[in-house]
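Only one chain is shown below, in structure tokens, and it's the form predicted alone.
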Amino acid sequence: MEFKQVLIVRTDLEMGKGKISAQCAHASVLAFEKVQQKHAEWINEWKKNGMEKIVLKVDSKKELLEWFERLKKKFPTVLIKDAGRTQIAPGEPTCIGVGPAPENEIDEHTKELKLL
């Protein structure tokens, strides 16, 4: 079975590339830690196969929060809120991290989203 991690980023915040990268890194690490607590075997398989990640986009805070609520029922999922040190207001949700989780399952639930 193949595994992958999905990161979903808000585009309405117009974050710079570096800011997006930092927010995705936060989401990736925290989602990894969450999976490690419940599904350590998923981590091993994910690492063996190259630690696949995909970055998708949503257009608004409302949409990001809706996706978070939907996906956290199915997969280990984290919501990242900015610390407010640079471009974004403190506490503003910027992205979510999902998995790693079984690729076929995660694709089934995120297939309508577009790549960033």
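Please read all numbers here as calculations on a predicted model, not as lab measurements. Residue numbers here begin at 1 and follow the sequence given.
We do not show the form predicted in complex with a further copy of the same chain, though everything after this point is about it.
Site annotation in the predicted complex: the residue of 66, 33, 45, 59 reaching within 4.5 Å of a further copy of the same chain with a heavy atom is 33. a further copy of the same chain in the predicted complex is not approached by residue 79, whose heavy atoms all lie more than 4.5 angstroms from it. Although the partner is absent here, residue 104 lies well away from a further copy of the same chain in the predicted complex, with no heavy atom inside 4.5 Å.
By the criterion of a heavy atom within 4.5 Å, residue 8 is excluded from the residues contacting a further copy of the same chain in the predicted complex. a further copy of the same chain in the predicted complex is approached by residue 50, whose closest heavy atom lies within 4.5 angstroms of it. Within 4.5 angstroms of a further copy of the same chain in the predicted complex, the stretch 7-42 places a non-hydrogen atom from each of 7, 17, 18, 20, 21, 22, 24, 25, 26, 28, 29, 30, 32, 33, 36, taken in sequence order.
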